[in-house]
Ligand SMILES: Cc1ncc(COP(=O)(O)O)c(C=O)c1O
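Okay, so here's just one chain, in structure tokens, the form predicted on its own.
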């Protein structure tokens, strides 16, 4: 089908609330490595990786081969039957995750992984209340939307009781109007205030992303999680670390984002980059906590541990260990960050640059003093970068943050190409004075 035929069928046969990028949506046709092509043959450098999911690039030969070989053997079995890929991947997860995390439960998405984590925390602790963070995002199920701390993502007024939201560590827009260099992570203490004033005083868990993804790559100060995790444990709760976007080296130098804050989660969730685009989520915990589900009732995942997805995940991790190591990501991410900071010096519309590794956020503002959000500028930058052959993401509570997160195989040359396009795009948008 040509472009217009695809768009016509999209409009006629898919729900109208599908969120599509660009003024004129962009139907993609195929990809190779760091690049994708649309149905009209235009080539784009992909610096959003399908929402941080195409972790080792499009059509990576090792992943493609693993999927093809498995497709010829067994496509599906369900969790009722053990299979080799399932147990091998679980073993691998135990090897690369921090601390005592060892036992996995595989599902289909980040939403399911978070749901599974909350269920486990309630079973293990015997408590029901959950603390999440404002600006956070946890998926599209009723529980996922209730955990989410942004009204625009909570469709239909759905709300699960027992979930409370604490301040998020959004240093650029500090909710306490304090100086991030001297505040001592005062926002972390708000978690205790929420527990003491808005719950029964005993909680099942605190769930948070190391870096908030949909929230606009909000990155906490180095003290934050140590303070919060101690508070949570004091009130009987577990720390659920949502690594759906930050996992698998994305933040550079470490396999998982939370390792930068030097704390160990009780439960960790992950998805997106786990299988380079095939659907999969995982909830991993310690042996002791996993026992909390025993005797509590029956559970099953029809597509959990799928042989095809687990084969893709094993191959993806193998590529990460050789071609896209956390150290490689840290190095290339450092080049990306330095380039973005130079653009910040050059263009007043860039209010803040934040993130880690190959997960960098650029917040656009109308005025640096007032920090008034500039969502119109983001839309304009999107159109300019698309026209120049670069795909990026966006997000944030105020729709004014560019999310820049390429596949982890990105090189210095790819970063330079992206920065050059962003430079020209910012120059054009700055002139428009949006």
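Residue numbers count along the first chain shown, from 1. The model shown is predicted, which means the values in this text are computed figures rather than measured ones.
Absent from the display: the form predicted together with the ligand. The rest refers to it.
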- [ ] From the candidate stretches 239-247, 311-319, 68-76, 194-202, select the single one in contact with the ligand in the model of the complex, where contact means a heavy atom within 4.5 Å.
- [x] 239-247
Task: Partner proximity in the model of the complex: residue 114 to the ligand, non-hydrogen atom cutoff 4.5 Å - done: yes
Open item on the list: Just checking whether residue 89 would be counted as a contact of the ligand in the model of the complex - the rule being heavy atoms within 4.5 angstroms.
Closed with: no
Task: Close approach of residue 209 to the ligand in the model of the complex, 4.5 Å, heavy atom - done: yes
- [ ] Evaluate residue 139 for contact with the ligand in the model of the complex, applying a 4.5 angstroms cut-off between non-hydrogen atoms, and reply yes or no.
- [x] yes
Task: Among the candidates 102, 125, 344, 109, the residue which, in the model of the complex, approaches the ligand to within 4.5 Å (heavy atoms) - done: 109
Open item on the list: Just to be sure I understand the contacts: of 131, 362, 214, 121, which is the one whose heavy atoms reach within 4.5 angstroms of the ligand in the model of the complex?
Closed with: 214
Open item on the list: If you apply a 4.5 angstroms heavy atom cut-off, which residues in 264-281 are near the ligand in the model of the complex?
Closed with: 272
